[in-house]
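A single chain, nothing else alongside it, follows as structure tokens in the form predicted on its own.
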């Protein structure tokens, strides 16, 4: 059984980050280790929250793993609590990776044209350094715009393809852009596989409500699929289908369960992939 490491925060309430990554990746039959970058009472979309920074725990954890020769077959990073953590995470990548380890970076820092609460304006430049360590990154449009330092606006299909390829050239990695839509009734992802120089799309029905945490569901399912051996195009399809099922199962509770989706109801889909 392969063993991977996911590095991101844990929000005690809010169905995002580690509370979704751990069960989703485990559903693929993958041993999943974790490093919490921070502990929050609830995620930052709530009106108030506590935040416990665990930055200085990262090198301590790395040291203990080195002493015990603990290594990983893959890495997936999500929400990172501070710029200093990026340096520590890069070190963990280099010290704890098996030869063929895959690295997936979700530059989880922004949405709807704005950085998340608590991030300074220089954070995207630092996040770009971590993206340069990746085999594939999984940004939404806002994050892509921040990484490229271009305006956040509506782009045509042709313009998006130019931006995604430009991003890929900068980081020398593949790119999966989430939240892509050219039709009001559908939503999906654009995948640029740099190794094959190929762009592909996959769409599902757009559920006409918004929930937090869906990007984490997508990235976790995508990463699990890649570790299991699926190519990026197929992994993005699986992630889109899984996320759609999770959203659809929560649609009726949009007013009361806005903070996350019932991803648990879709886990059997991942366990029965062919």
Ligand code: PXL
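As the structure is a computational prediction, the values presented were derived from the model and not from experiment. Numbering follows the first chain given and starts at 1.
In what follows, reference is made to the form predicted together with this ligand, a form of this protein that is not presented.
Contact with this ligand in the predicted bound form, defined as a heavy atom within 4.5 Å, holds for exactly one of 26, 249, 55, 44, namely 44. The partner is absent here; in the predicted bound form, the one residue of 88, 79, 72, 146 having a heavy atom within 4.5 Å of this ligand is 79.
With this ligand omitted here, the record of contacts in the predicted bound form names 208 to 216 of 208 to 216, 63 to 71, 237 to 245, 223 to 231, defined by a heavy atom within 4.5 Å.
Across the proposed site, 11, 108 and 116 without exception bring a heavy atom within 4.5 Å of this ligand in the predicted bound form. At least one heavy atom of residue 16 is located within 4.5 Å of this ligand in the predicted bound form. In the predicted bound form, this ligand sits within 4.5 Å of a heavy atom belonging to residue 40.
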